[in-house]
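The chain below stands alone and is given in structure tokens; this is the form predicted on its own.
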């Protein structure tokens, strides 16, 4: 195996030794021989100590994505072992799930590859040139491992342009169904694998849907940013008296209402098209002599990411504080606020600080009763901070008088 060697500048190896797989172009001292974009190279520190092998791309800021710390062949056997290990992890930690993320890129030591399983249909994304060039091999192995009905690619992510890759949506194997029906915790959902968010829908809250629903028995629930109704439908099934879901997407609300009927829950849950910020503001605005009476036992806040980069974090924090201020005014004493943040750039501590600032301003005392993270099919490797993005808490609004 004759590989070109990428030598790093002094001081650039520690992060890789700790387990992070990305070699930035700015960290490279030189290459010992020319390397083609997309091919395998070996990486060494400035003292010639081996750090691993991975895919090279001179056009990307992430010049090398390490795949293994040893000098191994990145061949069919390698991918077979990694895919089998990823599946085994899901079987171990989500044994009853039939839909889940099978491969979560860096979390499964396959940087640049995502594979989601929706029942008998697989959807993959390749965000690195090296992985993209090996799509035929990956499809072959996925067929052998899982015998799916179909395999689709949803390579319409903006990040592909940084690898010099075009967008590409296609059927890689089989025949794509017109509608994909999946089960999450025993509830039926329909996933739009051709046009839906991400690879079709969000799978990272699967465990949290069930956990938050435990607070909803006998409750009046408000589910903000409800999308397809994941939290709302689970709350209704758990025994909520009534659930009201809000989302600004007409298509998402129409689907959520259909799913309520499909799951036999339409008598207890309804969805409304609304801008959540405006709706909350309208419900919490009072006249000079009016007193706001809280009406909800449980409020769920699961907004989309308010920031995609560090430069916009301050604006995002203002948005998070605003929705918490409004929501806290609508929760009865003794009620529950379940809240989530999916921005990698807002860490767990900073997110809780925003919630507590809103509680201070609304004179609410909160008792934390649960902490949440992404489902086990989106594993977290602490040495790779990018693998952790979803965080959440449940708070009891305490009776203080």
Ligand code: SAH
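It should be emphasised that the depicted structure is a prediction, and the values quoted were computed from it without experimental measurement. Numbering follows the first chain given and starts at 1.
Below, we refer to the form predicted together with the named molecule, which is not included among the displayed structures.
Visitor: Answer with one of 108, 163, 247, 132: the residue that has a non-hydrogen atom within 4.5 Å of the named molecule in the predicted complex.
Guide: When the named molecule is considered in the predicted complex, the option within 4.5 Å is 247.
Visitor: Though the named molecule is not shown, can you say which of 330, 207, 274, 121 has a heavy atom within 4.5 Å of it in the predicted complex?
Guide: Of 330, 207, 274, 121, the residue with a heavy atom within 4.5 Å of the named molecule in the predicted complex is 274.
Visitor: Quick one: 22, 56 and 112 and the named molecule in the predicted complex, is every residue within 4.5 Å by at least one heavy atom?
Guide: Per the other structure, none of 22, 56 and 112 touch the named molecule.
Visitor: Can you check whether residue 303 is within 4.5 Å of the named molecule in the predicted complex, heavy atom basis?
Guide: Yes, residue 303 lies within 4.5 Å of the named molecule in the predicted complex.
Visitor: With a cut-off of 4.5 Å between heavy atoms, is residue 126 one of the residues that contacts the named molecule in the predicted complex?
Guide: Result no; residue 126 lies far from the named molecule in the predicted complex.
Visitor: Is the gap between residue 202 and the named molecule in the predicted complex 4.5 Å or less for some heavy atom pair?
Guide: Because a heavy atom of residue 202 falls inside 4.5 Å of the named molecule in the predicted complex, the answer is yes.
Visitor: Would you please decide whether residue 225 lies within 4.5 angstroms of the named molecule in the predicted complex, comparing each non-hydrogen atom pair?
Guide: So residue 225 counts as contacting the named molecule.
Visitor: 226-234, 286-294, 87-95, 254-262: which one contacts the named molecule in the predicted complex at 4.5 Å, heavy atom to heavy atom?
Guide: Only one stretch passes the 4.5 Å heavy-atom test: 226-234.
Visitor: Could you list which residues of 92-119 come within 4.5 Å of the named molecule in the predicted complex, counting heavy atoms only?
Guide: Heavy-atom contacts to the named molecule in the predicted complex: nothing from 92-119.
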